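Only one chain is shown below, in structure tokens, and it's the form predicted alone.
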Amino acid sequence: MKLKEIADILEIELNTDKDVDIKAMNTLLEAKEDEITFFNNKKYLDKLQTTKAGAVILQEEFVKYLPQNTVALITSHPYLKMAQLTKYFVKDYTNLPKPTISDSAKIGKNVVIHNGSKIADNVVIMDNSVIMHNVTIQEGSIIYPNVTIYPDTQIGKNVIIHAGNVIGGDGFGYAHTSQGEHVKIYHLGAVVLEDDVEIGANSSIDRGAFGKTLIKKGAKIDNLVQIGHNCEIGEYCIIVSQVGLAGSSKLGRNVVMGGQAATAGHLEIAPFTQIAARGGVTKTIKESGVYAGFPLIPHKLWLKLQAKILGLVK
């Protein structure tokens, strides 16, 4: 789309003669000269100052921080305008080539494999699974029955996905009007599962809003787990049943999260950290350790606290 067309859609005045072609939407950090992004949080001011995006949707007070060659689309509601724009950049998969399926792959009954997808050697896809457009599944991976894999998902070698999983659906993201209406953010990113990942039954991994949701090598995810958009799960993490990770949570290598633990999103957890069952992570954890409770505290301190409370009621 031309930048002028985007400005017209969003009802924003374009204060420049520079009418470039915009091919995609992306994050501040990853956007290129032919892509558009948005800025809505002072926390990311350093990324605004170094972005390579062709255009940024933002408030007027932050225009002075833009790089010289980046065009400003000025609005008092950048997050809402971004959400309105996402539906115009949803990919068109109509002209993709027919799927490529290895002769050694085993495909069950009623499996649907859409155009653009590539199924490698010795892959097993069991009954009633749906592999949507432009999906890659590498050697030796096993897809159990009734799995749905959304477009652009990349699955590594020897990955196991148990029955009932949904990989790559839209994240739970909406912008809100002044009247309280909810405007859908169409998620334009993807999901990447690296080698040797295993996902238990009936879990859900959302695609990135822009960029990707990444599950790194050797991570093991239990049944009934929710992983939000743009999360990053480090190598060999253990995610136990009913864990919920809000968007953009980043777990270091070998993090363990006990049953029903959760994160608030946009935070990081240090490598080799353990979160006890029902632990609530509300801010970044910089030091590895064992933590419990809500709000989260070191596990030994949590045990002492429970003993003190019990003593009060005897």
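From 1 onward, residues are counted along the sequence shown. Quantities reported herein were computed from a predicted structural model and do not represent experimental measurements.
The following text describes the form predicted together with another copy of the chain, which does not appear among the structures shown.
You can rule out all but one of 55 to 63, 247 to 255, 24 to 32, 37 to 45: in the predicted bound form, only 247 to 255 has residues with a heavy atom within 4.5 Å of another copy of the chain. Though the partner is left out of this view, I269 does not reach within 4.5 Å of another copy of the chain in the predicted bound form, counting heavy atoms only. With a 4.5 Å cutoff on heavy atoms, H182 counts as touching another copy of the chain in the predicted bound form. Taking non-hydrogen atoms only, G280 approaches another copy of the chain to within 4.5 angstroms in the predicted bound form. For the chain shown alone, H162 is a contact residue for another copy of the chain in the predicted bound form, at least one non-hydrogen atom being within 4.5 angstroms. The partner is absent here; in the predicted bound form, the one residue of V123, V147, V192, A72 having a heavy atom within 4.5 Å of another copy of the chain is V147. Listed residues V135, C237, C231, M82 were compared with another copy of the chain in the predicted bound form; C237 is the one with a heavy atom within 4.5 Å. For a residue to qualify, one of its non-hydrogen atoms must sit within 4.5 Å of another copy of the chain in the predicted bound form; none of M1, I6 and P67 qualifies. Counting a residue when any of its non-hydrogen atoms is within 4.5 Å of another copy of the chain in the predicted bound form, the hits in 218 to 237 run G218, K220, I221, D222, N223, L224, V225, Q226, Y236, C237.
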